[in-house]
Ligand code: SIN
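To begin, one chain is listed below as C-alpha cells, in the form predicted alone.
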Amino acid sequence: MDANTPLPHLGGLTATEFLRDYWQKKPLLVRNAFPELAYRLNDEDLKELAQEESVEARIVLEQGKTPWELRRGPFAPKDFKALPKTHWTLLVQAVDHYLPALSDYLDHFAFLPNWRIDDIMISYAVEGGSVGPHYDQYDVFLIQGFGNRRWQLGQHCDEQSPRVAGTPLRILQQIDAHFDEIVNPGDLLYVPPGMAHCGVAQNECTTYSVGFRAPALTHLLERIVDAALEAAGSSRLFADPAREPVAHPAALSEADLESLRAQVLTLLDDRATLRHAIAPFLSEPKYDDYEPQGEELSLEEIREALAAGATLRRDPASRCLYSLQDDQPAELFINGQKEWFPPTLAAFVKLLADRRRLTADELAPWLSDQDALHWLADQMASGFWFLEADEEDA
C-alpha cells in the first residue's frame, strides 16, 4: 500500500495523513466508506455462529436480571426467542476467523502491521440495543452494517474513571459527549483508545468492529527478561573495576545504583534477544487453544487447483510475522513458533506472509520451483495456508 495514495475509506486521507493527524489522537467519521459491507451478513448468520461451541459470543441486556446483564455463549435457538423485543445486543468475536473472505477487508488497513490487528467482531442489536458508555484500551474502526446507530463520543478515560457497579462490563457512569452522530450503512467511525463512546441502535442493525491489539508492556518485559536470562545464563556477574573507596559501607550509593542499573539493562538491550523474545509473542494466535486444520496435497494437486481458478488463502486465525535482514525475511514466526524456510525462498515467504490471498497469476513465478512448492505443501499440511476453490468477492 502506497502511504501517500488517498484512500476513499479514510475520506481521501492518505495513510501518512491518517496516522499523523488521527491515529490515537482524535476520531474520524467517513460517510459511505464501505457500502458493499453493509449487507454482507444478517442477524441469522450471526445467531448461527453464536451457537457454535468454538465461537466467542456474548449477549448484553440493558435491563436483564440485573442492569447491563452479560450472558456468554454458546447459545441455543431458544435463548434468542426468550429475549425481549428491544434493548439487547449480540456480539460475536473473530468472525473473520470463520468467514475467511471477511478477513480481506483487513487489507484496507494494511498500512498498519498485522501484529497490531486483532480481529473483526460483529454485533447485532435490536432497537435500543447497546453495550453502554464505555472505553476501550485499543483503537477500533466501527463500520456500520445494515440499519442505523447513534454514536456519542466523549472524554478520555482510564482506570480511575467512575464506572457502574454490579456488572462485569466496564460501563461508565457518564459520558461527556462532544460528538453525536447517526451512522448509516457503510459509514466508518474511528475511535482512539481511551475515548468514551456509546452506540445505541436506532433500529435493527449490525456493526463491524475492526479491533487492534495493544500488547501489555509488562507481558513484553516478562518475555524479554526470560529471553535475557536464557541468553546470559548464570555466568554474568556484576563487575566494578573502577571501584572507589566508600565512607559509609552500609549505604547503597547513587553511583552503585546507576552501575547496577546499567549492567542489568545491558542484558536487555540486545537486538537478537529482543527479537527472540518478542517475535514469537506477537505471533501468538488470539485463542490459546487454536489448532489450524491442514490438508496434505501433492504438488500436482496444488498446481491443478490453482489452474482451475482456486486461490491460495492464508489462514485468517493464524498470526504470521517475519523479521527482516536486508529487506528480506530472516526468520518466520507463525502462532508463536518459528517456522524454518531455506534462505533462497525469502522472497516467496515475504509474498505469502504479506498477502491474505493470492491467485495463480500472482503465484506463477513460483509454481515451477519445486523447493517453493514443497515448502508450501508442508505449510498447507500444517494449516497455515489453504486453497479456496470458489472465489468470493470481498
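A residue's number is simply how far along the shown sequence it sits, counting from 1. Since we're looking at a predicted model, the values are computed, not measured.
One more form of this protein exists, namely the form predicted in complex with succinic acid; it is left out here, but the text below deals with it.
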Tell me which of 83 to 91, 306 to 314, 255 to 263, 169 to 177 has residues with heavy atoms within 4.5 angstroms of succinic acid in the predicted bound form?
83 to 91
Interface membership of W151, succinic acid in the predicted bound form, 4.5 Å heavy atom rule
yes
Although succinic acid is absent from this view, report whether L142 comes within 4.5 Å of it in the predicted bound form, heavy atoms only.
yes
Give a yes or no for D136: in the predicted bound form, does one of its heavy atoms lie within 4.5 Å of a heavy atom belonging to succinic acid?
yes
May I ask you to state whether T273 is within 4.5 Å of succinic acid in the predicted bound form, using heavy atom distances?
no
With the partner left out here, if you bring back succinic acid in the predicted bound form, are L321, K338 and Q379 all within 4.5 Å of it by some heavy atom?
no
Taking succinic acid in the predicted bound form as the reference, which of I224, A279, C157, V131 has a non-hydrogen atom within 4.5 Å?
V131
In the predicted bound form, the residue from L189, M121, I302, I117 with a non-hydrogen atom within 4.5 Å of succinic acid is M121
